[in-house]
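One chain is shown next in structure tokens, namely the form predicted alone.
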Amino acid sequence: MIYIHIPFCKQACNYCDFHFATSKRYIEDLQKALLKEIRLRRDEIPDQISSIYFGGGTPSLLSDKQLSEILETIHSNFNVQPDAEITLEANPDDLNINYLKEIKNIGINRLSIGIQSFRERDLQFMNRAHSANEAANCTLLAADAGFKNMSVDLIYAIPGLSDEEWEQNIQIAAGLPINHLSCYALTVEEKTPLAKQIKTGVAAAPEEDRAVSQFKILQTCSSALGYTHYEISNLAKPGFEAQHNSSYWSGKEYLGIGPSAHSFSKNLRRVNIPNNQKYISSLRDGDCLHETEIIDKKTRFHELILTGFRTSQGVSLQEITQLSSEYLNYFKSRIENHPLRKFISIEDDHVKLSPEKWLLADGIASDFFY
């Protein structure tokens, strides 16, 4: 798996704490740096590449020629599977029919579109760059361009968004030519404009009770509409589960290219410097600045539980066995004595948390830490 971080946006959404810049001043220099990093790290992932993911930021700000150059460099330096999933994160306002046809021709075969809401009021609250009309129309344009694998992002628990309006958002999405949903509760991250707005009384804070009720609506509606809820925030029509994200959750190795991008290989995690200019200048001088962290067996054990309890697949007992028989015995004993034991099942060598308790998944997972 290869992840490419494109750290540019037209404007800052009030809730976002990802690494990005609203100025495109260094976009050409960053393009060159990305290509160099790809070439420098060609030997870090020896296996076939099953997925490539352009994330951000807003990767759809890149031209089809820029995207093509990145893909050509990846194909020249890595063994990419012929049927690899190649995803581009995109904003609705960037998706005109000519651009869609061009990026499809260069090999992009999956879109992840940041719609967030089909309601104008919500989009204005979040300071999104697109309109409600563009939110609905972009998927129709993408279908006309030949895209058959599309995901859209939606956000719930937005202040002022009623349960009925949230259900309408789900219904609208279900009526579009898409086969995957990524749905997230609005969260308030430190040092974001939203955090400041709430602190100064300009905006209301998301309500926890509203998040719970709207998550339950998502579960009920998505099932009725033919979606499988395979991870706490992700739902798909059969056969359209995100290969890239599923690989993250199952603990596969991945390579992260670009400023702030993460990589994971064997027992090491690498994080590139989250600064565009320093990233560019360091690659001019050699390799990009980064930090590395050794992932010991205990940390890996904890991560397996954290990610596993958030998915329908569950926690793999085989993977825990490979780490340590001591961890396996500890994990099994904790299951039998857990106060929510009736919501935990063991099927096909996997330990699964009932979806009705997924909102508590992180807290329950921490109960099993060694």
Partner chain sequence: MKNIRNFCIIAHIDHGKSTLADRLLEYTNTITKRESQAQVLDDMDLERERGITIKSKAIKMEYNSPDGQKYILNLIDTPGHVDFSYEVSRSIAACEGALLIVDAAQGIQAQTISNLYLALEHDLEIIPIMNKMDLPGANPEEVSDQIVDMIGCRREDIIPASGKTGMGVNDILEAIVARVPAPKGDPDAPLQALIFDSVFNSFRGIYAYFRVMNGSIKKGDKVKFMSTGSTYFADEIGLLRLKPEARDEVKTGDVGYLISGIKEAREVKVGDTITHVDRPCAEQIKGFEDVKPMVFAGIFPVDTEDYEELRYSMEKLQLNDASLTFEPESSAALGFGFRCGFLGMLHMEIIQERLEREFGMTVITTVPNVSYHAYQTNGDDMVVNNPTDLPDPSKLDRIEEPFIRAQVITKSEYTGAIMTLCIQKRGILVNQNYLTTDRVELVFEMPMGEIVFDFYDKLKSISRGYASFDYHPIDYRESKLIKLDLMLNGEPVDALSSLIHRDNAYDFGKRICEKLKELIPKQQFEIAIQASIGAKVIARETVKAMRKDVTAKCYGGDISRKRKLLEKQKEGKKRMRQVGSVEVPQSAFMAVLKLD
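Positions refer to the first chain, counted from 1. Given the structure is predicted, the values throughout are model-derived calculations rather than measurements.
Not on display, but discussed next: the form predicted in complex with the partner chain.
The stretch among 338-346, 22-30, 38-46, 64-72 whose residues place heavy atoms within 4.5 Å of the partner chain in the predicted bound form is 338-346. Residue 254 is the only one of 125, 254, 147, 227 with a heavy atom lying within 4.5 Å of the partner chain in the predicted bound form.
Though the partner chain is absent from this view, in the predicted bound form it lies within 4.5 Å of a heavy atom of just one residue from 324, 312, 50, 307, which is 307. By the 4.5 Å heavy atom rule, the three marked residues 233, 249 and 295 all count as contacting the partner chain in the predicted bound form. Among heavy atoms of residue 262, some come within 4.5 Å of the partner chain in the predicted bound form.
In the predicted bound form, the partner chain sits beyond 4.5 Å of every heavy atom of residue 78. Residue contact check for residue 240: none of its heavy atoms lie within 4.5 Å of the partner chain in the predicted bound form. Using a 4.5 angstroms threshold between heavy atoms, residue 120 stays clear of the partner chain in the predicted bound form. Residues 208, 209, 211, 212, 231, 232, 233 of 196-234 are found to place at least one heavy atom within 4.5 Å of the partner chain in the predicted bound form.
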